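The data below hold one chain only, encoded as structure tokens and taken in the form predicted alone.
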């Protein structure tokens, strides 16, 4: 571990310790069991004068009654500052949507409070040792638990898993992502509780990544012609601890406790309340109209600390705020981007943004200037350093690339085209918007115009099915935070940069490489990162891929984020973790009266 990573970790842990010292929730209330001594008349056989006879007598008996299971009680209101467009995870693949779906669905595997992989729908985690994974890594046997049911009463079977794979990779579904599922060649279902997965080639993240996604009901979705616009997308049938109850557009989604849940919830109802922006979310938290807020920013820690009935939860995470350059013309994806297809321009823009001052002033020191996608992780390539802020070097690169201010308006031009591009991120996020304004001025100083064009999250991250900005690659530069979908970071990270993951609504709607990046050397390193079973060789490939992506300036990594949450003190069992986030244990939440 470098001094940089160690210092970050120590600083984060210090913050966490100070904030959480008095924040540990009390234990869930338990029902008092009363032990009683009762008198009871019993009959017994005795021998009187050599003759057996039955007599009655009164005895005292200690009775400890078995208590009735405590029924779920109480309502928790969660503030969600972006409304979903639909509730099918692979079509509307966006963080806020998936967070809500976590309450309604179980997955084959899940995470515990230590971020350890544990079986949820499965009887056990498939491994090489238990025979669940074949020696060549290409066959994975899944044994599902018996008795699992969909919320409409139908049994959950191995056929549902097989259908989910077929549904995700079907082009007609218009999935926003098919990460890992597209590595499956076939699935056998010898019985209702067994699925044998045959992979095209070894895919190391399969168990940790693919099996962490929900299984979908075959009987409810099979044959649906346009699932993204179906009734199911608005009224999903799940199999988890909570059942979908209602969706009031513009206001909230409500889920209620599932009485037949494998993991019985302690609360009766969760209301996911939509709010327009982060400031409104914090205000509702302060007034008590919202019990839980997530995806808060570092600057709001101080605000939450001032709230009498609210506790902050700060988790040192692996999320990185980043900006991606589009290498394709957003108006015609068959053509190179008129500005960013030149690496000299990408490098100049990266070097023209003063992230060091931004972290110090805008973030008030919360966070660290980022280097790569894998900062603060054992896989981080320690040879790499943050891209420097060097406006003079940036100007020289732009001069070399032929971009000069020929008309004296302060904006460089070339062949009659201005050096102007749009920058898009989620609307209503004050920190992101403040960063945009700051970087906009930085770039103006080197003769580059950055036009801010933001969208609601559901629109920004929308796929081909709902004309999303990300899905259609309709951006010049896009900014967001990526929090890996599993504990194996190579899974989603690789699909951001693999050639065969380049997104195209006509030919590859489920691709996640929306920026159109393709480099043969990077491709080889990434394929090794997800397919090499030898840990040392795999790590070498991961570090090589980091280096190649870094040198290609396809992305500018802005800063390493803290995961910031807040919960009303009346809510117990709320326990966010690095990878499980705040949604891993909905069933453990309870309301303290």
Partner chain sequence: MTVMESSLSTEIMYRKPQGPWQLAARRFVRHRIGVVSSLILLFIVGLVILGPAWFISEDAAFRPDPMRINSPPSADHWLGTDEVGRDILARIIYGGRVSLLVGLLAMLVAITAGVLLGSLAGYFGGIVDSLIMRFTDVMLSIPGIFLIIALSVFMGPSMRTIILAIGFLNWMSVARVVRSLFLSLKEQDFVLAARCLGVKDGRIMWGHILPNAMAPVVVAATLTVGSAILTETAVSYLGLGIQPPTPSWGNMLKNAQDLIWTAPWVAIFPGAMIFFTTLCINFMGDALRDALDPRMQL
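Note that this is a predicted model, so its numbers are computed, not measured. Positions refer to the first chain, counted from 1. C-alpha atoms forming the largest set that superposes within 1.5 Å between two forms make up the rigid core.
What comes next is about the form predicted in complex with the partner chain, which is not displayed.
Residue contact check: residue 391 to the partner chain in the predicted bound form, 4.5 Å heavy atom: Residue 391 lies outside the contact set for the partner chain.
I'd like to know whether residue 456 contacts the partner chain in the predicted bound form, with contact meaning heavy atoms within 4.5 angstroms. The answer is yes: residue 456 has a heavy atom within 4.5 Å of the partner chain.
Closest heavy atom of residue 279 to the partner chain in the predicted bound form, within 4.5 Å or not? Close contact exists here: in the predicted bound form, residue 279 approaches the partner chain to within 4.5 Å, heavy atoms only.
Exercise: residue 306 in contact with the partner chain in the predicted bound form, heavy atom 4.5 Å: Contact with the partner chain, yes.
So which of 258 to 266, 392 to 400, 423 to 431, 343 to 351 is the stretch with heavy atoms within 4.5 Å of the partner chain in the predicted bound form? Careful reading of the contacts points to 423 to 431.
Going by heavy atom distances of 4.5 angstroms or less, which of 245, 112, 127, 441 would be at the interface with the partner chain in the predicted bound form? Comparing distances to the partner chain in the predicted bound form, the residue within 4.5 Å is 441.
Just to confirm, with a 4.5 Å cut-off on non-hydrogen atoms, which of 376, 436, 141, 158 contacts the partner chain in the predicted bound form? Checked against the cut-off, the match is 436.
In the predicted bound form, residues of 295 to 313 near the partner chain [heavy atom within 4.5 Å]: Residues within 4.5 Å: 297, 299, 300, 302, 303, 306.
Does residue 427 show a Cα shift reaching 2 Å between the shown form and the other one after rigid-core superposition? True for residue 427: a C-alpha shift of 2 Å or more.
Cα displacement of residue 178 between the shown form and the other one reaching 2 Å, rigid core superposed: No; that C-alpha moves by less than 2 Å between the shown form and the other one.
Rigid core aligned, does the Cα position of residue 456 differ by 2 Å or more between the shown form and the other one? Residue 456: C-alpha displaced by 2 Å or more between the shown form and the other one.
Residue 458 and residue 211: their C-alpha distance differs by 3 angstroms or more in the predicted bound form. Do they come closer or move farther apart compared with the shown form? Compared with the shown chain, residue 458-residue 211 is farther in the predicted bound form.
Over in the other structure, so in the predicted bound form, do residue 457 and residue 583 pull closer or drift farther apart at the C-alpha level? The difference is 3 angstroms or more. Relative to this form, farther apart in the predicted bound form.
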